[in-house]
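In the block that follows, a single chain appears as structure tokens, in the form predicted alone.
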């Protein structure tokens, strides 16, 4: 394809779910290509066997598809709607399955004297680094002369394995970048870097150059951390007779405090909570004793995602969202996350902030990509999400909450029939900032009646009249006792019937102040002073459960007096 029909690619290493920084790179690459009639390719760079896994590859694809970033070529994937994504004429799109291709081009470089086998041991390399340090110069590996047949045989007998290094030559390299501008690396800056590792797999530098050429990639958008790598890639492209793609390096995304958004942010939150609570053993149902010991014993070890989530729930702490899947679990809308990510590094101009992927595809260009790091403002993202949710049609909100529940809150679907689920959605939409809020804030619906815990705080005590002077009149607890009998006599357990009966009671016994009995009822059936509207809450809990909970609350509160 020509420059007017660009081919872009996103090539993650499958080491976990997609980081939001990677998601933004994929989004920009997709928008640049699709807005110009081009192609967007996904390629899995899994040649680092220690960091790669099949599960992680699927996680990346799932994250991209959820964001609405569909690829023209790449790994085949079945979307939740049953449609197929991926495939194409340039497969395999997993680098670990393309070794024969890489070996062919690697051998070409060796045959032409542009690359060579290097047999240095780890100890020898370390000695070279120490010598460079002693001389106060940067260590750069250079060709050390040909290896004789005898030495090669001896190295093999010793169990050594060779790497293949590219002969860079001491030449200056000018990097042309559509975002950062041009920069020149002086001659000698690029050393004879490794292009094939001891395990026979290509390094990132070599595989990416071969694949970009064979897959027809015309434009490469990637993180600024790869900027200096581009010099290596350009030298390889010249040596192999390949064309050079157009490059654009994107700034990183930082936390508001200027720290880098990292997966370790979650780990820091967990370790701080464990330290504050003085825990010596893991809370029940979180992680195994072995996992706990390994994690506690080494600050570099992180718990797997599911274990971290369970531990966070037990510790009652909120893990910071870092990966796309984190935001999905938290109930953010994919279209809102894309909108927000696009603004973290690009501006459409004209003070426009709210837009969808179609708008981005039509308007995106490298000329408006920012050079400086973006600050990830979670408060603004949540405000965007809140606006989108409160502006939804009720039926759309209910549908999307049900989809969210199927993934992450199946216990609510098991507990609530269709009518009560619909009621929960109606009751919660105006109060919800995410798709998870209707579930996160209403866990009392899942608790067994005999296990509901009542919050012993000042608001609860005040509402129930715990410690109130006798002359102050009927307490909330007294109203709760009386309302128990009123509710038991209602024939139809509906919001209208419940409100009517409560209104009659309040007019007769509470001076018409419905709140005097509504809040005690809320505490009794939910355990706290916060729930959906009280009549909705009573219907959601159900008659038998509501009466049983009121009995338990009366008994509990009576002991506090």
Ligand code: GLU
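Being a predicted model, the structure only gives us computed values, none of them experimental. Numbering follows the first chain given and starts at 1.
Keep in mind that the form predicted together with the named molecule is not shown, yet the notes after this line are about it.
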Legend entry - Non-hydrogen atom contact residue 226 with the named molecule in the predicted bound form at 4.5 angstroms: yes
Inset, instruction - Decide whether residue 545 counts as a contact residue for the named molecule in the predicted bound form under a heavy atom distance cut-off of 4.5 Å. - result: no
Inset, instruction - Would you check, heavy atoms only and a 4.5 Å threshold, whether residue 9 touches the named molecule in the predicted bound form? - result: yes
Legend entry - Contact of residue 234 with the named molecule in the predicted bound form (heavy atom, 4.5 Å): no
Legend entry - Position in contact with the named molecule when the complex is considered in the predicted bound form, options 208, 190, 303, 195, heavy atoms within 4.5 Å: 208
Inset, instruction - Have a look at 408, 204, 242, 292 for me and say which one sits with a heavy atom within 4.5 Å of the named molecule in the predicted bound form. - result: 204
Legend entry - Region of this chain that lies against the named molecule in the predicted bound form, out of 430-438, 218-226, 457-465, 272-280 [heavy atom, 4.5 Å]: 218-226
